[in-house]
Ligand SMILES: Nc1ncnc2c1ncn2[C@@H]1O[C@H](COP(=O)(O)OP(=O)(O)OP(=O)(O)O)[C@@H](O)[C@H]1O
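Only one chain comes next, encoded as structure tokens, the form predicted on its own.
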């Protein structure tokens, strides 16, 4: 196991800056997930950590030692790729042990490590098969086994589940999480799937346009996004974001959506600094906080009559798109809630966990 530190890392391809002064400290045994849309620089950052790509400037330190000039094979890092990258002419046994043989590891030690890894990943019955005879999930297990058998100090995963179907992704996600609990190894994991990031990470780094937008525990990012990008990216369905303004009235502070007549009381909100009256803002509320009035408890609540425009049934709940002025509002209602698209209904807002952002800077207020 090892700690990993990235200092002021910048990567440019010509005039294009892909990574812009990235700074990260990843603790020994931590599971850090780099998440963001395609093109945000997350895979480039992983490749630089692995030594497969050179940085423009900045430092990479493993256990306090700079490794910028260290060859990839000497960094004590193992990488699992999106494409599996298995040798098609070799059996599973040979795919897993090939790297050990190249390093002149003694035969008995190779067999010992192979047995341990195949037992851990439950692939003992597959050792004599070739990759073409395996399913996608089995191939990914073999790719993980090839990395595990080296017993590295740091694991790097580059979107390892993106080629799998939805059910298998969930199963493999659980296996990777169990694996981390058993081994306690430092893991840096890249994905564009924010649900995957939320389920796996001890901490998440959200990247956008080559910069870290927010770094923290999954629940903290979900409950307290630092800016509009993180608010809209983390969560499925995404946070509802309503433009409007703040208004002081009758001794209270209210949010007025767009040009609407509604006043939603927000003086319970923990503003970082006192907002100006009439300030243009964006009001954020999670879909699970837009529901039936009887589901909303406490004083921080608001009710309004809305028209359901579309209803999606998921079995355990319903996702409902409501028309709210010029905006669309997604709510999550109980599965047995009786509603029909096109009909008005009473909806309750749970205001206890709202987020409010400055419309100009897009930062959380």
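The structure displayed is predicted, hence computed values, not measured ones. Residue numbers count along the first chain shown, from 1.
One more form of this protein, predicted together with the named molecule, exists but is not displayed; see below.
Practice task
Sort through 59 to 67, 328 to 336, 36 to 44, 306 to 314 and report the only stretch with a non-hydrogen atom within 4.5 Å of the named molecule in the predicted complex.
Solution key: Of the stretches listed, the one contacting the partner is 36 to 44.
Practice task
Report yes if all three of 13, 159 and 192 come within 4.5 Å of the named molecule in the predicted complex by some heavy atom, otherwise no.
Solution key: Yes: each residue has a heavy atom within 4.5 Å of the partner.
Practice task
Could you check which residue among 354, 22, 347, 18 gets a heavy atom within 4.5 Å of the named molecule in the predicted complex?
Solution key: Only one listed residue qualifies here, and that residue is 18.
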